[in-house]
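Only one chain is included here, represented as structure tokens and corresponding to the form predicted alone.
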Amino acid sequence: MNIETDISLQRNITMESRKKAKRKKVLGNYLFILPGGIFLLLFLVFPIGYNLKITFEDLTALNILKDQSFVGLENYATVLKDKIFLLSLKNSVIFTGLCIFFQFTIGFAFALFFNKKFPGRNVMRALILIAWMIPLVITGTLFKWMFAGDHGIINHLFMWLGLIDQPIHWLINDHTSLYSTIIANIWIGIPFNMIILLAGLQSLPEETYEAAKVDGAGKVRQFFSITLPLMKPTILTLLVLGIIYTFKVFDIILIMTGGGPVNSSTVLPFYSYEMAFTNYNFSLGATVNTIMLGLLILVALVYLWLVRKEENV
């Protein structure tokens, strides 16, 4: 009986030790993620939560130190009825769509080009990356000078080529201001698209292309039958990241046009900035931000649906 009792006690002690070790391991894991959790709580969850909260209040510079009244969905109704908001939404869609199309197309062309082996390709690739490495303040200022009406190099070049008879004031013309900022942003985004797509191309198996050559497939057939299908996950990820990044572009607009003339180049981030820090209506600015967040979440959900669909095929 004593022997059986000792064995039972040893088993209980062993089980208890294992439970303590498991608890320590779990506690250690939580301690490792605690700094990251605190960071997300302070700089992501709290700001988004507070931003959402003030969309239902009337918070302005006049009552910021007082108790704000609850207004329900009034801020959303005010924003959605504002013609400038609708114009900003249209500009954001045009800005994002054209930028993504040309950044992706030109970036893919560069990626295919630099995927070939030739002397000096690494140097050329590094030079193209400079466009992405330059601070946006400098890039915006350079393009502002280039599109200047009286002394800009764009007008000088077009007049030298005989394409125009007199200078065009690109940045103060309501028909061209938005497209001038689009050109600047396309130039900024091409290197990023090129690098991501080039990394995807270099990871593709060479054996597949060699088998296609044996079967008599040409370059065009290989591109559409092998390259594009295998690159689909990379392309989807790149397009979603590009849409999210481009949709919230603010600095290029601020530097080059300031949203003008007559709001012709105002996009949603700039409209939100004006509501909050020019008109000092923080609730309306937060409401625009919340609408933008909802649109981008919708884009992310579409991306997740496409990825899941691709995995199930």
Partner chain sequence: MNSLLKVNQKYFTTVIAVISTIIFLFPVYWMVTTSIKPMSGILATTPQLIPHEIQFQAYVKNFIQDTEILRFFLNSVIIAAGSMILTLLFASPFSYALARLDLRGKGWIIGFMLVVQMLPNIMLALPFFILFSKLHLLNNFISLIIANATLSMPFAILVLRPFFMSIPKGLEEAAVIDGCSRFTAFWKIILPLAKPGLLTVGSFCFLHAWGDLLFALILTTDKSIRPLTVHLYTFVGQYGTDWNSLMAVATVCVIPIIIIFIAFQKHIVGGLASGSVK
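What you see is a predicted model; the values in this text were computed from it and never measured. Numbering follows the first chain given and starts at 1.
The form predicted together with the partner chain exists for this protein as well; it is not shown, and the discussion that follows is about that form.
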_With the distance limit set at 4.5 angstroms and only heavy atoms considered, check whether 78, 98 and 312 all reach the partner chain in the predicted complex._
no
In the predicted complex, the residue from 229, 162, 135, 205 with a non-hydrogen atom within 4.5 Å of the partner chain is 135
Which of 221-229, 148-156, 78-86, 205-213 lies within 4.5 Å of the partner chain in the predicted complex, heavy atoms considered? The stretch 148-156
**Prompt:** Does residue 108 reach the partner chain in the predicted complex, with heavy atoms at most 4.5 Å apart?
**Reply:** no
Verify the contact flag for residue 116: yes if a non-hydrogen atom of it lies within 4.5 Å of a non-hydrogen atom of the partner chain in the predicted complex, no if not. yes
How about residue 199 - does it come within 4.5 Å of the partner chain in the predicted complex, if we only consider non-hydrogen atoms? yes
(Q) Against the partner chain in the predicted complex, would residue 296 count as a contact residue? Criterion: heavy atoms within 4.5 Å. (A) yes
When the partner chain is considered in the predicted complex, the residues of 190-212 having a heavy atom within 4.5 Å of it are 190, 191, 192, 195, 196, 199
